[in-house]
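Read the single chain below, which is given as structure tokens and is the form predicted on its own.
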């Protein structure tokens, strides 16, 4: 009897457990799993306006391979990765170390650096668009004070991509700084005390103690920043005008996906682009997971 009652209670507990995770599972199924399957399915069709579709087989993928504009957008995306990821992670690490020190107004500085993270991307992009405005933007006024010449920052090809990268770094530093700061504060003070006794300088303590012991946090920050940069879209969409001469040289692969899906009504082709980006992100993430065993210290 006791065993039967125990089994009944166990089934009730399992039923309650599954019932508690059911809303989360339904949310994931509706908003994550179904869209992924739907995009992969649509990539094999020509999907036009009003969801009119005809089977295309591998035609969309063949067109994508021959599409120079798509590869240009993918190249721009990797340029954003090369520009944004290193600067974001390094600046976040430096700020986290500085704001971990005892200093006057430390909490105020932490809030100031974190504000861009909780501010709407649209508002930030519009603010920076006014700053970079070629006719009456404040940046040109500042450059003029130092004897420099004015520029149309968001229209000149090599400069526009850098401007978007600068804004993205400015937006991403705050959250990564908080994550790394939490990792630094989790390090035992005894390590630093022992290093001071041995005569280690602050720089030596930083590279020999702080950096190795926060590698799990660094790995998380590096992975999430890389993935978000590969998906960069909203800053470009808000800052670069649709008819800008720099659009081709600044649009990311997600931006090109958006234009094909909603401007050109080529949703099937856009789905193929999304599948390609999905595969790239999965491959890079898998490579990161493999390489992290060599440099991330979980002890």
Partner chain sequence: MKKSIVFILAAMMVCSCLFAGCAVPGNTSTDTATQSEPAAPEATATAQTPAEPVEIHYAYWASPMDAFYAECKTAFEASHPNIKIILEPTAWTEYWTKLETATTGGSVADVFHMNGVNILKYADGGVLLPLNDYIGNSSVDLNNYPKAMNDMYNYKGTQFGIAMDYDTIGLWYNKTLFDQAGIAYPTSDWTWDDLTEAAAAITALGNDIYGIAAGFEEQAGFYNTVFANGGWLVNGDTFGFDDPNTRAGIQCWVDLMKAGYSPSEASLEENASYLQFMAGKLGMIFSGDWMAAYYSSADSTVAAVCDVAELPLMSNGARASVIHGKANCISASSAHPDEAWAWVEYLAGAEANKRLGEMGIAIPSYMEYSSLFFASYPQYNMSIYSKAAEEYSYTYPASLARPDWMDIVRTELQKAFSLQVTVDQACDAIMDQLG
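Residue numbers count along the first chain shown, from 1. Nothing here was measured: the structure is a model prediction, and the numbers come from that model.
Another form exists, predicted in complex with the partner chain; not displayed. Remarks below refer to it.
For the chain seen here without its partner, which of 84-92, 135-143, 165-173, 184-192 has a heavy atom within 4.5 Å of the partner chain in the predicted complex?
Single hit among the candidates: 135-143.
Go through 125, 211, 74, 227 and name the one with a heavy atom inside 4.5 Å of the partner chain in the predicted complex.
If I apply the 4.5 Å criterion carefully, the residue I get is 227.
In the predicted complex, does residue 248 have a heavy atom within 4.5 Å of the partner chain?
Contact check for residue 248: yes, within 4.5 Å of the partner chain in the predicted complex.
Report yes if any heavy atom of residue 56 sits within 4.5 Å of a heavy atom of the partner chain in the predicted complex; otherwise report no.
Because no heavy atom of residue 56 falls inside 4.5 Å of the partner chain in the predicted complex, the answer is no.
Residue-level question: is residue 40 within 4.5 Å of the partner chain in the predicted complex, judged on heavy atoms?
Heavy-atom contact with the partner chain at 4.5 Å: present for residue 40.
Contact between residue 36 and the partner chain in the predicted complex at 4.5 Å, heavy atoms?
Although the partner chain is absent here, residue 36 would touch it in the predicted complex, with heavy atoms inside 4.5 Å.
Output the sequence-ordered list of residues from 259-288 with at least one heavy atom within 4.5 Å of the partner chain in the predicted complex.
259, 262, 263, 264, 265, 266, 267, 274, 275, 277, 278, 281, 282, 285 sit within 4.5 Å of the partner.
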